[in-house]
Every structure is written in C-alpha cells, then in structure tokens.
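Read the single chain below, which is given as structure tokens and is the form predicted alone.
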Amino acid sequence: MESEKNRQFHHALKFREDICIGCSHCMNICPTEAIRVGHGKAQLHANRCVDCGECYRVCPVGAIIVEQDDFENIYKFNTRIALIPSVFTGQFPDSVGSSEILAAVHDLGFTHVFEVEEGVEFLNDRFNEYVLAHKQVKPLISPFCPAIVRLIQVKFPTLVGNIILLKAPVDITAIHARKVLTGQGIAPDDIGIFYVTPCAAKIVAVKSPVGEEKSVIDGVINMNYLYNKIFKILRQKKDKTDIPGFSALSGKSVCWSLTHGEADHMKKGRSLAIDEINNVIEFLEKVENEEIDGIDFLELRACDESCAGGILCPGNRFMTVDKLRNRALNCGLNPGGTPRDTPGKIDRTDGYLSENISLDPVLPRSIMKLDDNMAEAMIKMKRIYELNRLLPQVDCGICGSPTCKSLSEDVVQNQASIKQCIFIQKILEQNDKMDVQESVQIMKSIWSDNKLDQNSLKDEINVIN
C-alpha cells in the first residue's frame, strides 16, 4: 500500500489555460502561495495547494473550475444514497419546505436520503472522550474541515500531532447508512453513497482522504449543481408534496457545520472557533510560536461562516446561517412549543461505529522541504535568506511569484530567475549588465507577448501622452 506521505495530493480545483488571462488575482489571494504566473497563465504548484477555493472566488473569467463526478454515476448502483448536509436546506427560499426538497432529491433518482449531521451526536460524545484521553496535547484541533487539515500538513507540519484522529460526521453517517441497508438484506456492492458537497476541499477528502486509505463514499456531487436541478423540478411542480420532510435532528446537529458548531459543545476546557483561512493561518502561527496557551480545543474552518460560506453554496452565507439557526431553535421544540429531547438518530453506543471511527496518524507534508539531504537543505535555506535580502520587499507580483520571499525560494529551487524582479532588472540596466530588450523578453516569458505587444498599445499610449 502506498503511504500517505508519498501519495500525491488530489486536487478538485482545475485551471483552464484556454480561458485564463493571466490577471494574477488568484496568485495574490492564495494563502499558501501555491500559484505562479508563467507564459501569461496561472500555474499551480500542486504540493502547496489545499483546495481552499479562494482562487475560485476571485477569478474574473471563470478559468478555475471545480471538478465533480458525473451525475449519471449514481445509476451504476441499484440502491442510491444521497448524503445531504443541513447547510443545503439553508440555500432555498423560506417558501420551500424540507419535504419538497426531499421529494425532488428522490425524483432525481436517489432511493434513500440521509442528512450528514445524523452522525453528530455520536461524534460529539467521542470528541469529548478523546479530549479527556489526550488532555496532555494542547490545543487539540478538529479534523472537520479538510482544507484546514491539509493546511496544517503543508504549512504547520509541527502541529499535525494536534489533529483529533476521528472521522467527520459525513463519514460516520455514510458508515451507518451502509450498515442499515446491508442489515435489510441489500448487497454491499449494490449500494452507492453520494455526498453533496459545499466546497472543493470535501471533494478532495473523498478522492484522496487523509488518515485512511479509501473513503466510504462512492461519489461527490457539487451542491450548486444539485441545487439548480432541484430548483428546476420545484418550478415545474404545481402541487406541493405530501411526503414527510427530513426527520428531526438536534439543534446541535443542525448547526454543527457553522462557526461555533463544534466549539460550543466541548464539555471540558477552553475552546475557540476561528473561521476564514487567513484568520486561521494568523492564529496557527501564534500557536506554533508558543505565543498562545491555555486553549484545549480549536474549531478551525477555511471559509467565512464555515460551510455556509463554501464556494459551491449558491445562497448568501449570512441568510443560510440565519435559516439554520432558526431551524435549530425549532428542532428543540414540540409542536406546542414545549422543549423536546433530540438524542440523535444514531445509537450513541453503536459498537460497530466506535470500531470504525478512528483515523490513522496525519503526516506532515511540508512545502518547505528544500532537499532530502539535510546539509544541502541548510545551504539552500541560507541562499533563500541572502536572495530575499537583495529583493525590494514590495511583493508586487510582477516577477510572476506572489512575494519576494517566494521568488527567492523559486530561484533556489531552479524554478525562476532573480532577473524576473523588475527592480533587479532596472539596477542591471543602470549598470549596463542588461539591455532593455532582454528585460522585455523576460517580462514576455512571464506575462506573454500580448501584454507587452508594442504595436497594439502604441497608438493608445500616444493618445494618453
């Protein structure tokens, strides 16, 4: 079996060179500096990418796409399970009830529907047990957000031992669903489980899971795609369905994927919830530098407002959060308004789930591995420091790298030239070490001929002058 350390990262985000205009928006927004510009196109450094989707948000021409499985794949199975996260129901207008959504999902060809958060109550118990058993490790970090797990692997490798080694609710519910249906006599090979995802990172978590060899989920469906298909069905239906909607979850379960969904339900110690990937990076830097202590548990999410802000969510994230919080309030009440107990749909003492909930240790995948040879790596690190001191520290990105430091790293790794820096070019020109034509050729190699085509711009420049 190939080890996780040597396994290539799968990426759900794909760059279309035929559409890309080399604007550098994606390069400048990427929190792990995984993107460069060369020959007028965005280029991905795959070992740095954590599939957070920030590049997808800012691309002005739609050159970055999110791959998804062909929807027709569901028909390869006789029994077709849709795993629907609660955040999906929050995408629809208030006029659309859960029974209508559920009926439309069945109309699309699914035979069974489970809400992802059915596994929350079971997981929450295991979380609290885990924290008690590992109280010497601080802070323990939730594994819920796969983009954050990968971020820690590549940017904060010293913290991989802090990640809680328990599966996410979607995996628990998938295991439970398969167990229920096989218990009804359905052959395991006839069961296909498909997860409706709000983000690219969760696609990657299925295709290339961390902490396990293979996911229990058979396919992934883009939430925006499914939303549009369901909305089309709802527009065509004249009469509302009479079938029941989603069965009641606890309020805790409904809000688990939102900010504070996990942190508010840790029974012991001090917990913090942090969303949006740059906020997470800033905080983890302080944790790694031992500037912060006294925190027992960290809920970290890559998206603003957590899963409600996923790049594949068609609705407004703030409206989605409001709808889910209102649903959570109603989950805790009987029709007459009295409180009711919602213990969860999965047996909290399920021995089979308890045996299959654990993850293997998460291994570091440092983006700063300069060389397998330690002595050579130290030499390269010193060279990066020296080159970075020569550069202007303006992080203009004109060189095709996002920062001066990243250019220094690229040069040392033979992926770039120091002459790509426009300031270095001007210094060399002043000292007769480079002529203007050479400088132009270097810029063309980064930004393409079109952006430096003198003939096409000459008349416009003359008009401006």
Partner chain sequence: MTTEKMHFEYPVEGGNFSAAGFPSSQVKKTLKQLNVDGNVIKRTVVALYEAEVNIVAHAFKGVIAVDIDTEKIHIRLTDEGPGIPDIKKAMEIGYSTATPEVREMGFGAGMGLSNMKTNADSLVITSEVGKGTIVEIINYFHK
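Nothing here was measured: the structure is a model prediction, and the numbers come from that model. Positions refer to the first chain, counted from 1. By rigid core we mean the largest C-alpha set that fits within 1.5 Å across both forms.
Omitted here: the form predicted together with its partner chain. The next part is about that form.
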Only one of these stretches, 76-84, 269-277, 98-106, 382-390, has heavy atoms within 4.5 Å of its partner chain in the predicted complex; which one is it? 382-390
State the residue from E291, E72, E213, E355 whose non-hydrogen atoms include one within 4.5 Å of its partner chain in the predicted complex. E291
Of D296, D190, D371, D395, the only residue with a heavy atom within 4.5 Å of its partner chain in the predicted complex is D371
Going by a heavy atom distance of 4.5 Å, is E285 a contact of its partner chain in the predicted complex? yes
Can any non-hydrogen atom of L132 be found within 4.5 angstroms of its partner chain in the predicted complex? no
Proximity of R327 to its partner chain in the predicted complex, heavy atoms at 4.5 Å: no
Tell me, yes or no, whether K252 is in contact with its partner chain in the predicted complex, where a contact means a heavy atom of each within 4.5 Å. no
C-alpha of L132 moved at least 2 Å between the shown form and the other one on rigid core: no
Tell me, please, whether between the shown form and the other one the C-alpha of M374 is shifted by 2 Å or more, with the rigid core used for superposition. yes
